[in-house]
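Same chain, two forms, each on its own as structure tokens: structure 1, then structure 2.
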Structure 1
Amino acid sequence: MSSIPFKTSYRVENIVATVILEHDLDLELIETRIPSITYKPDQFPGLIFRLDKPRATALVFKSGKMVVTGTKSTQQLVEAVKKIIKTFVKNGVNVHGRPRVQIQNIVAGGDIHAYVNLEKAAYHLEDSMYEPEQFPGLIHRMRDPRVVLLIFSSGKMVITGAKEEVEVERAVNNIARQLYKAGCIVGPRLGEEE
């Protein structure tokens, strides 16, 4: 019934997750045993560890908690965590117990494949802000799901604040329907159509 006359799509670009180990870590030891690590306690309490294969970056704290960023899927995230711990162990930094991994934020790119009248959208969407003098995108705080979207006139967007991938998909379809109903869709984008 209220099917929208254009397709929508999205792609996860970055996942931020916390990893909790069951014991403390000796950051000084890790720094001396593993090369290419950045650790400046004066600047930031965590040490920065970069992985190549699954491209990811981890912030490691002495409490045994870490923040892993840069992966694009749960599979990559799990792979990265395993590799980080394996690297620690191989270099004489013992790690015991099973790590608790939790996704904290998902950043994704979205697209409704149609141009958007941001001026009009800013008027119809609650909790939105459009200030072209400061930023080209319209910033919208969606309540359900609870995410923030940066919407551009090209119809492309950025969705952030989600903890599950399904929220990203719902957010894109939600905004597409809202923009369509409010008459903010200008037309299909270059060579694309329903």
Structure 2
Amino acid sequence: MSSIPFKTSYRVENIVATVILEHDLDLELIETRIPSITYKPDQFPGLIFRLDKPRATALVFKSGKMVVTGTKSTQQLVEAVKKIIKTFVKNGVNVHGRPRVQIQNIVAGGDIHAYVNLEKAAYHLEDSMYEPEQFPGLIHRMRDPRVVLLIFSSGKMVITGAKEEVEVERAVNNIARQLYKAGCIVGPRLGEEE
């Protein structure tokens, strides 16, 4: 693994996860017991449960399945799920068994702190698409880890499709190495020279 002469960074922006309880939930009961919940079954079959700390939103369905979104780390996700379950139990909603939590998608921002020649990158990177008339970024489907990166000429990028936070870091470092090795790095951004 060769090193690169510039730094990389990333920040998780959103985690989407499913949570499965082993039983059905009475959404009408939950709505009457927890005032901060939004439930309009004529518009949407689930109820919406918003948390302030950690900041997250859960879509809760009668089947006992939930979609939790908005957290920025796995730790925050676990805290949010625990808080939702505790709130249910505290308000007389029967919850038994251990919830199964599965991350479906992590969206993150990445940065290699250097300019990238996207034309050259599109030529050298397999599974890439670059059509600047359509979209200003290069779309790269990375195989390991299995993620999609939107790479911009500024060296900034959006990473999506990761299932673990460590995959985001690996993806940013992998793409930085590939771009450097292929000679696609134009140079450091102004004020970021080492």
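Quantities reported herein were computed from a predicted structural model and do not represent experimental measurements. Note that the rigid core is defined as the largest set of C-alphas that superpose within 1.5 Å between two forms. The first residue in the sequence of structure 1 is number 1, and each one after it adds one.
Each structure shows the same chain on its own, and structure 2 is the form predicted on its own.
Core-aligned CA deviation for Leu27 between the two structures: 2 Å or greater. The Cα shift for Ala108 between the two structures, taken after rigid core superposition, is smaller than 2 angstroms. Shown in the overlay between the two structures, fitted on the rigid core, is a CA shift at Ile37 of 2 Å or greater. For Gly92, the Cα deviation between the two structures after core superposition amounts to 4.7 Å.
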